[in-house]
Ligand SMILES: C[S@@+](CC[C@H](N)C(=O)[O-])C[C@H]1O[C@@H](n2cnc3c(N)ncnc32)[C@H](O)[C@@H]1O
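Next up is one chain by itself, shown in structure tokens, the form predicted on its own.
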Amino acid sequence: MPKFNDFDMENWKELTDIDTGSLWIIERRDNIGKHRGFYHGNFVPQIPRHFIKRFTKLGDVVLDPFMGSGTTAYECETLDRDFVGIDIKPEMIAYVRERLNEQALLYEGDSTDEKVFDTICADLQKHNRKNVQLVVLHPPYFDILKFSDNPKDLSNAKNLDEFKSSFALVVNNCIKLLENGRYLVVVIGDKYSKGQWHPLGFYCMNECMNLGLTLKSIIVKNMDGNRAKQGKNDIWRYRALSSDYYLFKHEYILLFKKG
């Protein structure tokens, strides 16, 4: 088995913070340190923390092509991993840059654009690096929430086919930077619209597998405490009972391996 983390397996019973099950119950978002919950669409820090600990070593490089407010970035800083982040919104680059160490590489740009990754590759080489060792993707859930007015933003995709093809471009760019034998994580939920459930998680899973990644796990995470539904549980339950749909209670965490 390849050594892709710093675990002391002689004392494996002490690794109590590493969940090896496929159902994750996370009751609340961790807001310690630099984490803030102000940004709509950000995910709980416990997710990138887990994968950084389990699938990287000290000094490895973690790439996040949908950086947002910097959840993965702050975890990398805390855990002594190097970080590369991309975001299409210049204000988020400025926000994270102000709060993060100078060693991190941050890029304003479109993660579907190969030129952005060419620049990253060149900058990594300046630091005597060729690859990244982990990729963490938390893309927009199609058009549920608009993050910008930029037409290249995945949340502005005109339809599901465009969303899927754009997501695939991002993943393909990430694969080129990812070291062989290392891991890529996708965190995503589904969408319900016009009386139909749209399984965004499965769509994204298929795009990753079509690009040659090996699916290692499908983890289901609970969505209790979702801000959009806080204080509205009775209303949503009433709507569900009076119709023919079920309330979203989960997101998917999809783990893939390259090579």
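Residues carry their position along the shown sequence, with the first being 1. Nothing here was measured: the structure is a model prediction, and the numbers come from that model.
Separately, the form predicted in complex with the ligand exists; it is not shown, and the next lines address it.
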Query - Distance check, Lys152 to the ligand in the predicted bound form, heavy atom within 4.5 Å - result: yes
Report task. Flag Met67 as yes or no: does it have a non-hydrogen atom within 4.5 angstroms of any non-hydrogen atom of the ligand in the predicted bound form? Result -> yes
Query raised in the report: Does Gly189 reach the ligand in the predicted bound form if we count a contact as any heavy atom within 4.5 Å?
Result: no
Query raised in the report: Though only this chain appears here, would Val171 touch the ligand in the predicted bound form if you measure heavy atom gaps against 4.5 Å?
Result: no
Report summary line: None of Lys164, Arg182, Lys89, Arg129 but one has a heavy atom within 4.5 Å of the ligand in the predicted bound form; the exception is Lys89
Query - Among 135-143, 76-84, 119-127, 172-180, the region lying within 4.5 Å of the ligand in the predicted bound form by heavy atom distance - result: 135-143
